[in-house]
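Below sits a lone chain in structure tokens, taken as the form predicted on its own.
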């Protein structure tokens, strides 16, 4: 489709004005970052894989009644989504101890949690995306108590669905990060899942061996990063047009 006015560019995606009012084109890049963008790199072909995986997962969630901003995939790297007012929060749902949770509490990676934990982080790269409480969210006007309750309920529904889907393909969902937005229809608004759901924002381990898949390999400087993304897509039965081709590992940018 013809290139339209750019609205926003982040590390992993670029947003363009959509072909119709109230729509946005979401373009998936190969760029990657971790540790609050202290580590950067390029994973060749990642954008194609994440576009297909996010399309698949968003469609499956829509089928079970989870509201999302996804409309349809446009090509190998772009999808059409509804324009939403993003709530400035990252919502992290944790099923197993890993990453920052392990570091904060001195717990071993891989320890199973008795119940899933939902955490809130303020979306602000300059501040390091600090963890916040419900009191901060309401006091600063980022969301109401009712919206927070809805976000928590949707996050746990998404967790239940994704956990079951991934484990059925031999993948363990350790934790994931999602964003939500307000979708306006005249004077009415509802909360919907936004952004993407892919190996970029899901921590995924092999259910039998514990091998790390997706972005974990990039974070920890491991090899076969692109192949790990490809393996997730392969297990889900997703293949882009023409196959993945020769996908090399990340090139770190100093």
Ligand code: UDP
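Since the structure is predicted, the reported quantities are computational estimates derived from the model, not experimental observations. Numbering follows the first chain given and starts at 1.
Although not depicted, the form predicted together with the ligand is the subject of the following passage.
Of the stretches 63-71, 186-194, 202-210, 38-46, only 202-210 has residues with a heavy atom within 4.5 Å of the ligand in the model of the complex.
Between the options 177, 172, 77, 82, the residue in contact with the ligand in the model of the complex by a heavy atom within 4.5 angstroms is 177. In summary, among the residues 103, 182, 157, 136, the only one with a non-hydrogen atom within 4.5 Å of the ligand in the model of the complex is 103. In the model of the complex, none of the heavy atoms of residue 163 sits within 4.5 Å of a heavy atom of the ligand. At a distance threshold of 4.5 angstroms between non-hydrogen atoms, residue 27 is out of contact with the ligand in the model of the complex. Within this chain, residue 143 is remote from the site of the ligand in the model of the complex, having no heavy atom within 4.5 Å. The ligand is not shown here, and in the model of the complex it never comes within 4.5 Å of any heavy atom of residue 116. Residues of 210-232 that come within 4.5 Å of the ligand in the model of the complex, judged by any heavy atom, reduce to 219 alone.
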